[in-house]
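Have a look below at one chain only, the form predicted on its own, in structure tokens format.
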């Protein structure tokens, strides 16, 4: 039997986990539009600062994902994060918030997990696939520079549902399922300061505010010795209401809200930058662990299939690997 050629679009946790599951069964090629792997488990650098500006942590509830993490924990690549967490609101004093399950981070930065998984895999970065073309029984991929790749027997997308829907042909049988997925955005403000941050806590959940989450990023395990850094994230609801607005204007609003909540704002000489995530969370998942059209040899998986958590990306990828012929 001829070894199938499979193109995997996206090199976040779903794509990389899927590639590991398939690498002994198929000839693979991965395509990632960003300059590096990791998807939303990403890290931004602004010397001397470092920010986990996407996923802040992850949990492990399913035995399969727990088994996946076990050797990573043993190697120190993944570590449990046990910060002092508080709840913040404008009209009341901060109060302690308990976490009732382990929360994990990759070390020494969040994107290190994806970089580790990508070792030895055929990943082409800075390549954005713009169109698929059917040629005989296979698929040729066209990227945004006009270059072509393939042909491939299967094309699998681990990109957000809306991007997958746009890329795949109308006759794909799971297009209606992709259309019903609703993903939500998020604004992340990254603040680097040489002065110590003035709080006794390392993470905060925010109530009744455009802000949803604050994290003292340099306090996470494995970040010892880094310059002071704060990650400020909006709520999904607020971000969706402002998703197409001017990013600098949204940064100003979020900084004003930070000052109203904490009495603190960055100094003029501090580093401040904002990233807009159009697809950060999942309000309405696909309701299926993965999607597959066997006749066209197209498939898709990702955290949005199940529910938007880091663990869901892995579980969706494993489900698809089990269903592929």
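Positions refer to the first chain, counted from 1. What you see is a predicted model, and the numbers here were worked out from it, not measured in a lab.
One more form of this protein should be noted, the form predicted in complex with a small molecule, which is absent from this view; the next part is about it.
Residue-level contacts in the predicted bound form: of 80, 133, 208, 128, one residue has a heavy atom within 4.5 Å of the small molecule, and it is 128.
Note on the partner interface in the predicted bound form: the residue among 297, 44, 33, 271 having a heavy atom within 4.5 angstroms of the small molecule is 33. Annotated contact segment (heavy atom within 4.5 Å of the small molecule in the predicted bound form): 185-193, selected among 168-176, 247-255, 185-193, 94-102. The small molecule in the predicted bound form is approached by residue 233, whose closest heavy atom lies within 4.5 angstroms of it. None of the heavy atoms of residue 28 is located within 4.5 Å of the small molecule in the predicted bound form. Taking the partner from the other structure, the small molecule in the predicted bound form has no heavy atom within 4.5 Å of any heavy atom of residue 49. In the predicted bound form, at least one heavy atom of residue 158 sits within 4.5 Å of a heavy atom of the small molecule.
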